[in-house]
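Same chain, two versions here, written out as structure tokens and called structure 1 and structure 2.
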Structure 1
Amino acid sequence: MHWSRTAIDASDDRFRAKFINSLSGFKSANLIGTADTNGNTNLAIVSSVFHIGANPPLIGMIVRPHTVTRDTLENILATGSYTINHVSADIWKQAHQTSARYPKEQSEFEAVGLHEQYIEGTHAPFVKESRLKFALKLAETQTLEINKTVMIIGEITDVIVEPLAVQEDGFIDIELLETVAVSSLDAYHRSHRLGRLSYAKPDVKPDEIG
């Protein structure tokens, strides 16, 4: 089956959104925890989180254009604080429900049955039920000219993770934590690791390391 750009543009809006979102394959499922300047909390599922650098530790994510009220974006801009929380197999349905359009005065934590968790020095709440989560301070934002989406770059300040998942070389076994992946807009997946391979070098066959 060949889909030309003309055919893609002619398709139904919702079909096109799911079709194009499927093309990038499996993505991470994350809950973004924020609070406004008065402490009112917000929770939103985001699948556009990506690694930028390890030193300093930077994480990026893309959010929709700021043409209407975006509680997550506005809370981050106002406070400079947010958390990213992995979605695990036991909370994927609650995580998906955070994408519903709740009124600003209603916390998605309460609406979907998840719980806030705080640590000293961090304004934004974590998701208590998440098994791998980290806090960030806002480092930079950029509005992408091509479609007006907003790239948020945060610097990691704190990480909370179950200790058994962290291996001696720094690898975090997210499969042990039952972290799920998302494809398109609404499909959630468990993972099955094929293996880990040694550092790639020219003309050297990599070894399996776990």
Structure 2
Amino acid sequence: MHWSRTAIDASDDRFRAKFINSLSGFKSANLIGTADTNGNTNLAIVSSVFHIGANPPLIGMIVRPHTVTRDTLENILATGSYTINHVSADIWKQAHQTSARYPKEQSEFEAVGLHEQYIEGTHAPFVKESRLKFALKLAETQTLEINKTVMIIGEITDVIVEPLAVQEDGFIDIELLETVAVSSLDAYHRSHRLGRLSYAKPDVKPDEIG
């Protein structure tokens, strides 16, 4: 079945949002923890976190400045600090609920029943219930002229992870941690590993490892 751009543009806004959001494939499910300069906290689910580089360790994400992630963006710009917390299978419904438009003065932590956790040197709160989480220092923000979304790039300063999940070669078994994935706008998934494959070389079949 072939959808032309004309057919896509002719569909209604809600249909198009779900359809186009399905196309990139599985997306990461993360909760962004922030606090304003007075320490009032905010928590927002985003599915747009992506890897940029390992050395230095850099992570990007896309946010819309005038939507429910507005407070997140303001807090990051004001304090330079945020945390990214994997959504584990036992908190997927609370995580989704953070996308409701709560008033600015109400913390999503309290509203959805998740708990704040702090470490020295990081202004922003972690999600206590998350099993893999990391703190970032804002490195760069950029408004993408093409549709006015904002790309935020952060440098990782601290990682908190259950030690059993970290393998000798650096691989973190996020399936063991029950990290979920998102598809389209509103579907959540657990995973089942097909395998790990060795570094690919021409004319050699990759081995399964691990």
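In this text the structure is predicted, and so the values were computed from the model without any measurement. Residues are numbered by position in structure 1's sequence, first residue being 1. Residues that one form lacks are left out of the comparison. Each form is matched to the other, and the largest set of C-alpha atoms that superpose within 1.5 Å is called the rigid core.
Task: Form selected (criterion: the form predicted alone) - done: Looking at both copies of the chain, structure 1 is the one that matches the description.
TODO: Using the rigid core for the fit, write out the stretches of 3 or more consecutive residues with CA shifts of 2 Å or more between structures 1 and 2, ordered by sequence.
DONE: Three-plus residue run displaced between structures 1 and 2: 65-69, uniquely.
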